[in-house]
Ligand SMILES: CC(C)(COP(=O)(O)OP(=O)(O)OC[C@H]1O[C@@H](n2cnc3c(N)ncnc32)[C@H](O)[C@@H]1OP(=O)(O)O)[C@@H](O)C(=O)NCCC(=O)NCCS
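Single chain ahead, by itself, as structure tokens, in the form predicted on its own.
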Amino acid sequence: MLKQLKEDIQAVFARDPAARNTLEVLTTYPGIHALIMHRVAHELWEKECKTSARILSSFSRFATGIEIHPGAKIGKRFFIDHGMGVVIGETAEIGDDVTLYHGVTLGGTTWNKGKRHPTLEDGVVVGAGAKILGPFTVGKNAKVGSNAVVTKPVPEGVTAVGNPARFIIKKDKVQENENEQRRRTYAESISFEPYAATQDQSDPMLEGMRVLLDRIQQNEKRMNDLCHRLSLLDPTYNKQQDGEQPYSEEELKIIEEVRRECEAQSNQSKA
């Protein structure tokens, strides 16, 4: 018990720069107070002293503003920062090195008995006001953003944000850099250069241009492959391509009108 308490206090120093000394943590941190009382209440719960366990957990809620059901299973180095308004349900399971901020709810969505509350694996961080509702698992080292509402499993290592929560997955930097370099090379080959756009700029229009470049390059490759196969089937195919008919006078007139219109618009923009 004392060894576990020591680890819990060390977790406070590791994750809260405002913590100055052990006495301050023991006397002023409600998260530590709630955790100490929960560990005692959980032991009582496991030994079938359920009424005593519930009385102790109710007193803990009154004293700290943190409600932890004595049936909840909590791992090592658990840290509740600030703590007011935190609610942890009976069948919730929390791994090691988990951090919760104030206003977090680990709740259920059914009145049926059995597993009703979420399981948080090791290293999970849950932001202030987040609601995690249901008997699913939040994967190892995942993060839940402030005020997010999560009602489905969260994969390992991702960040869940919003209501309803959506997942932000870290991209493979090496693969992403290779793709970006390929796009830039192709853009240079067709004399395309987006104005005022940088490689690491996050912009919907720029993302759209990246998608278009990928699609154009893919279509061009497929067309080249088709031309190559046609030339294998019909040796005269390339000669037919080389002997294309020149533009007619009407087509040349249309092209000239388009060119003049573009020049006129360009001159208006400069003026």
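A residue's number is simply how far along the shown sequence it sits, counting from 1. Just so you know, these numbers come straight off a predicted model, no measurement behind them.
Keep in mind that the form predicted together with the named molecule is not shown, yet the notes after this line are about it.
With the partner left out here, the named molecule still marks one of 72-80, 125-133, 85-93, 110-118 in the predicted complex; by a 4.5 Å heavy atom cut-off that stretch is 125-133. Taking the partner from elsewhere, K140 is found to have every heavy atom lying beyond 4.5 Å of the named molecule in the predicted complex.
In the predicted complex, none of the heavy atoms of Q181 sits within 4.5 Å of a heavy atom of the named molecule.
Interface membership of G145, defined by any non-hydrogen atom within 4.5 Å of the named molecule in the predicted complex, is confirmed. Although the partner is absent here, R166 sits close enough that one of its heavy atoms falls within 4.5 Å of the named molecule in the predicted complex. Taking a 4.5 Å heavy atom cutoff to the named molecule in the predicted complex, the contacting residues in 86-122 are Y101, H102.
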